[in-house]
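For reference, the chain that follows is the form predicted on its own, supplied as structure tokens.
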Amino acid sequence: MAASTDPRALLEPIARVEGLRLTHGPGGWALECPDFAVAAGERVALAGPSGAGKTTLLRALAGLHPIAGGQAWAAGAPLKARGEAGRRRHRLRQVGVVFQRFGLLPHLDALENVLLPLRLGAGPLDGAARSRGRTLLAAVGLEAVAHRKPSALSVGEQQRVALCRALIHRPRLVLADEPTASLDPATAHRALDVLFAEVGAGGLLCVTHDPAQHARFDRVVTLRGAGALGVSR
């Protein structure tokens, strides 16, 4: 077999799981993932029915869900080898997470929510960072609401603020849990444009239930429930 000519194949994967086993609560279900990886520069969609474990898998790669067995690496770090504080530091500096429920702080305005990872130590919080935050908000159509608090934003606006927050520190890996679920098709397309452009040479693993979006990704990985995982293309 000829060697791959894709330069991504020569680089260490941005994310990787080997024999990964996750459990959900005492006596709950177990998710067993066959090995797969996200290459540098690759955009991978994660699909599957509700309850198949997609959010749990993202949380595990973010260092937010315990690993019952096997191994997982995210942005170059073996997650099982790090304690909770080490996983938090690594996530803050190297990983961007778009949570399904957004997780915006109600007392901060949109721009300050975007800048929150920097305030927590992900990078310098200076004039350049604030300018980048405003640029990201403008890119997703939120320049006019940068100083509104979450309670004054629509659900779709809150979702886009959460997307910008995940990108502010230029992470190597972005884990996005249905980042366009509350958006109309045109706004969702624009948000994905920004997400893909900002990920750049990093990696993206994105949960989406919208089959129309799948063609925009390099690959679709499907969790089929009961721990089964397949690659649909």
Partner chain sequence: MTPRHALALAARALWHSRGRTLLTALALALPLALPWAVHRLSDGYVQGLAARAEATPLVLGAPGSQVDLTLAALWLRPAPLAPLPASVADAVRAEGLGGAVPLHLRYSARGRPLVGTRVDYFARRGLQPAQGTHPLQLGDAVLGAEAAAALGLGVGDRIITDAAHPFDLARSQPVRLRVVGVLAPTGGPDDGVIFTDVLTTWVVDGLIHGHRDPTRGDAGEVVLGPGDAVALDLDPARLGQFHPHGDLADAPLTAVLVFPTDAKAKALLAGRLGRLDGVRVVRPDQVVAQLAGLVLKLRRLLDAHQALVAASTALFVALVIGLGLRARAAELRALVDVGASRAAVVVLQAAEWGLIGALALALAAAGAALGVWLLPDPARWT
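These figures come from a predicted structure and were not determined experimentally. Numbering follows the first chain given and starts at 1.
Missing here is the form predicted in complex with its partner chain; even so, the following discussion is about that form.
- Looking at residue 117, you'd find a heavy atom of it within 4.5 angstroms of its partner chain in the predicted complex.
- Though the partner is left out of this view, residue 103 does reach within 4.5 Å of its partner chain in the predicted complex, counting heavy atoms only.
- Contact annotation: residue 73 falls outside 4.5 Å of its partner chain in the predicted complex, judged by heavy atom distances.
- Shown alone here, residue 145 lies farther than 4.5 Å from its partner chain in the predicted complex, counting heavy atoms only.
- In the predicted complex, no residue of the candidate spot (24, 32 and 58) has a heavy atom lying within 4.5 Å of its partner chain.
- Between 106 to 114, 73 to 81, 153 to 161, 133 to 141, the stretch whose residues reach within 4.5 angstroms of its partner chain in the predicted complex through a non-hydrogen atom is 106 to 114.
- Only one of 37, 64, 181, 67 comes within 4.5 Å of its partner chain in the predicted complex through a heavy atom, and that residue is 64.
- In the predicted complex, its partner chain lies within 4.5 angstroms of at least one heavy atom of each of the following residues of 76 to 100: 84, 88, 91, 92, 99, in sequence order.
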